[in-house]
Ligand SMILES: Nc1ncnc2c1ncn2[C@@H]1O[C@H](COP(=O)(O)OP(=O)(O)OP(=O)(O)O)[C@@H](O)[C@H]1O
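Take a look at this single chain in structure tokens; it is the form predicted on its own.
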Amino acid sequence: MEKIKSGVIGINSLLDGGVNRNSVTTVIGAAGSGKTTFATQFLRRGLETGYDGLFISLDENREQLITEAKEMGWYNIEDYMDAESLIFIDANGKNFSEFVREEMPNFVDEWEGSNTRIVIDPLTPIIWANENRYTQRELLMLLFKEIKKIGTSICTLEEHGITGDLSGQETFIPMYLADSVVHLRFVRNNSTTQRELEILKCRNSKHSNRSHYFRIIRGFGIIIESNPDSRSKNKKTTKNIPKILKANLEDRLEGIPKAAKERIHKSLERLTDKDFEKIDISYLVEGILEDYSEEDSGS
């Protein structure tokens, strides 16, 4: 199975090298769990190495996406849109059955074989718009079949019901049809709430079978913690972490695309020690380098 790098620091090794090319991954989670952050990291990673990106929104408009992306440190997202390497399709309020059956196939005819990175955010309106389970399954099967012709996709799905148990009716069919499923959730640990990620399935590939804590840092996005003991290794206070990170990366960014290098430097300029509290710095450096290793350019 050919792999592509995800853009999410630390998750490639959990997926035996990255996301399966020409597959559909569904990222499930409650509101605020990091689903859109995960998806936009995946898009940004491809754009920085020359691949086109397609963002299909079933819930938000273009301006909302831009605002949220900039809040998370993707400051130059509009440059990609202006260059038309990132295409935004606003399907909010459309007849989803008509959109999937009629508009998507026409769009795919133009883009087929382009190895584009696609995000559909979120799938939930398609589920809610059709009470009939057979119709839901048929529409999602058709949608997934069509977008695989264009490239590799991340689809987000809002989790409802009892958060964390995936018992809601909206989760079953997308989980069944997707090639891979990633679950993001909040967990209580003593007196604090932490974020946790679990890979529930990944067809035709090995994957991690345990849960992993993760953090979200502006400019870097989701960062998977190296292991359950990584926090205890970083109990001592370290000062000037962004400066230390920059120094550690300085001589090792030679093979990283210019756009990614500029983004990393700009992000570090806006961050403080507090942003990196209890993060394993050496692990973060290696994670950044690993995500940009051994992948051809899309240009």
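As the structure is a computational prediction, the values presented were derived from the model and not from experiment. The first residue of the sequence shown is number 1, and the count goes up from there.
The same protein has a further form, the form predicted together with the ligand, not shown here; the description that follows concerns it.
- [ ] Please pick, from 72, 143, 118, 224, the one residue with any non-hydrogen atom lying within 4.5 angstroms of the ligand in the model of the complex.
- [x] That would be 72.
- [ ] Go through 33, 267, 57, 49 and name the one with a heavy atom inside 4.5 Å of the ligand in the model of the complex.
- [x] Checked against the cut-off, the match is 33.
Task: Location of the ligand contact in the model of the complex, chosen stretch of 130 to 138, 80 to 88, 215 to 223, 170 to 178 [non-hydrogen atom, 4.5 Å] - done: Within 4.5 Å of the partner lies stretch 215 to 223.
Task: Contact flag, residue 195 vs the ligand in the model of the complex, heavy atom cut 4.5 Å - done: Yes, residue 195 is a contact residue.
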